[in-house]
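Shown next as structure tokens: one chain only, the form predicted alone.
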């Protein structure tokens, strides 16, 4: 099968890289230190069209097909050194907007998607609880129907964008007697509802510019028309969403890995030891070769997912494979970049140590590496 990007796709890639470099990289080291989210970067990303890549034009988006969106996300990761901002953008798209697009009513789409594409609303997903992480559907948060509303009670934690978010896809138990596949539902919840409170903001090792918090629901009345899909569809909605998350979040990490490779090659060509560039030493060049190999394999994985989703096909196995390989490759690539740069790689001033701190998170969110291996093994029939 022949594979080549169109001229329009390559122009889009180049334009995103140029935009990100010029508009999104201000004060990253300082904001990382203080844990400050870039509201200005968010606004600029919305104006550029990044917050609605695959959302149809009639709902305010760009209407790109999934494969083109994959290339766009890769370009964003390459051009933008604020990995936290990139993470919030991905979380907004694949943990919230895509679920509303795929499962929402027409009224819900019209209400939420246009302002989300314009950046007026920041979206997120509310799933993890203090006692249920990777085993997400042991959750205890309940949603009980009471007239024209569902009453939610419970605590959700480690939530990306919770301190800054405006609209969330919230998963809650709607039946104690039904099996997991039918006992949970999903709701579109806005942060202004009485009974919803942010009870903690977490400090983190990496992705510090992507705020993370904890939400508590205390007799929070969610209108019935904010039920996403039908009651009991929560498991199916989550399975669809996690496929998008695992498949598309990590395209941006491929872009980061390529940026680190280019920086490392340039440094290895310029840095001299014993009168020779360090890139001439096999111990350095081998690291660069391995970095390149991981990137090329990662691209094949995400491009295949983009193609499958463009064709309307499932990519659950492929998404888990990509998530596992790319997240672990990103950590190793960051370690290699630090090693190649030596002391400069370890110093905050040069920004490379931040890449490692940010990369580690990828082995944890959307299901840990251990969970991905379990998922893949089960899909192999083991």
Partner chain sequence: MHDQYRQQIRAFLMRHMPDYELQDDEDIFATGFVTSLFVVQLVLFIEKTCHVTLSRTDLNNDNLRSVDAIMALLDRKLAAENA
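Residue numbers count along the first chain shown, from 1. Please read these numbers as outputs of a predicted model, since none were measured by experiment.
Separately, the form predicted together with its partner chain exists; it is not shown, and the next lines address it.
Proximity of 180, 312 and 316 to its partner chain in the model of the complex is complete: all three residues have a non-hydrogen atom within 4.5 angstroms. In the model of the complex, its partner chain lies within 4.5 Å of some heavy atom of residue 235.
In the model of the complex, its partner chain lies within 4.5 Å of some heavy atom of residue 243. In the model of the complex, residue 239 approaches its partner chain with a heavy atom inside 4.5 Å. Note that among 7 to 15, 356 to 364, 20 to 28, 370 to 378, the stretch whose heavy atoms approach its partner chain to within 4.5 Å in the model of the complex is 370 to 378.
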